[in-house]
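The chain below stands alone and is given in structure tokens; this is the form predicted alone.
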Amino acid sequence: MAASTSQHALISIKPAAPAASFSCGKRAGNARFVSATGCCPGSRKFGLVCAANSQSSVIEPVHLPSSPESGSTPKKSGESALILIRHGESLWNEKNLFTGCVDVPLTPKGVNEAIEAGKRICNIPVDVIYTSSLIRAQMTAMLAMMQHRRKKVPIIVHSESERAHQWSQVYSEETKKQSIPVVTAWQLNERMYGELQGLNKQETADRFGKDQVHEWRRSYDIPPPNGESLEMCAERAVSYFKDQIVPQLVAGKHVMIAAHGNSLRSIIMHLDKLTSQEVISLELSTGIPMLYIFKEGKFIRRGSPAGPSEAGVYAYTKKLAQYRQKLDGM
């Protein structure tokens, strides 16, 4: 039931070395490289283009964890949507500072990026939202959902203590139907950059050497001083994804994750079965949603939803097309 639509560059690939290659095209079947401009001054990047057609990639089934309540694997549902959004530009992104796990809000540009992301997903169902514990990811999720045509209200689930949980309870069943739970998790935080956090990136390169800083930023398993490597970030982010988010998808819930470059790269590495060499060349654009369909234990990458005026993009599947028709009739 896929419809023809314009293609959207989702991921930019910057080769780690001239001889480096990226084999996602062989894996995905629908990926191809195109030149992209305006990504980074002085460098050439390539966009991984995915189309919503019969060539959409089918990812191997992920491990389905057991349900904590029943101790058994949850029953599979028909189809669920998974939306991934990297937060918009933050104040420290603007200042070219290492941000990591420092809690920095969005710039006006970042706010606009989050709003535009929301417009792209305004016709896609969302039942539960996961964000990191950092304000820039939470702001992105809230601003995006303000654009959704269903007009449900995101409500943060407070589970840090029994009192917080009790005080934040909603007792109206009707109100619950008009709200979306937002689960915050530190496991989805950006990679912790240790002693680099708050330092200007250019000044850091001048101080420690360009090659050393590049190794800290782009290697898979070498952390900066007192910080995390991408491998360490992936360990916590992917574990949380498998344990907490996959069961929601299996149960038929439509999920949105608003998080960060490295935590989302880690999840995509898991979904697309990328190697440690491939993932270090992966770059995600801020504020550009990526859509996966979870069906029969498999993740199917469907690309980036276009603006709400482009009707064809929502016919990724019959169910998504029907959902938009339902919204049109409300």
Partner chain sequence: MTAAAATAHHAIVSTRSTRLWNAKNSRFDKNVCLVSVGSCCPGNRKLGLLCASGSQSSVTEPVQQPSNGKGDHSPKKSKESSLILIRHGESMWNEKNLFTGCVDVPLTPKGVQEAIEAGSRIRNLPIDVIYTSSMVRAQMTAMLAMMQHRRKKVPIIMHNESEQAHSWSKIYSEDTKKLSIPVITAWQLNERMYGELQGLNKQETADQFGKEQVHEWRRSYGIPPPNGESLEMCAERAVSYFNDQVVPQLTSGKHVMVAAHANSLRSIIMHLDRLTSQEVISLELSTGIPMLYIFKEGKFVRRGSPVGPSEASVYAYTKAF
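Here, rigid core means the biggest group of C-alpha atoms that superpose within 1.5 Å across both forms. This is a predicted model, so every value here is computed, not measured. Residue numbers count along the first chain shown, from 1.
If you look for the form predicted together with its partner chain, you will not find it shown, but the lines that follow are about it.
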Candidate site V102, P105 and T175: all three near its partner chain in the predicted complex by heavy atom within 4.5 Å: yes
Residue (of K95, R149, K242, R218) lying close to its partner chain in the predicted complex, criterion heavy atoms within 4.5 Å: K95
Its partner chain: the contacting residue among E231, E79, E116, D127 in the predicted complex [heavy atom, 4.5 Å]: E116
Stretch in contact, per heavy atom within 4.5 angstroms of its partner chain in the predicted complex, of 256-264, 203-211, 80-88, 243-251: 203-211
Distance check, P181 to its partner chain in the predicted complex, heavy atom within 4.5 Å: no
4.5 Å heavy atom contact, P154 and its partner chain in the predicted complex: yes
Touches its partner chain in the predicted complex: I222 (any heavy atom, 4.5 Å): no
4.5 Å heavy atom contact, E235 and its partner chain in the predicted complex: no
Shift of E173 between the shown form and the other one at or above 2 Å (CA, core fit): no
CA of D221, rigid core aligned, shift of 2 Å or more between the shown form and the other one: no
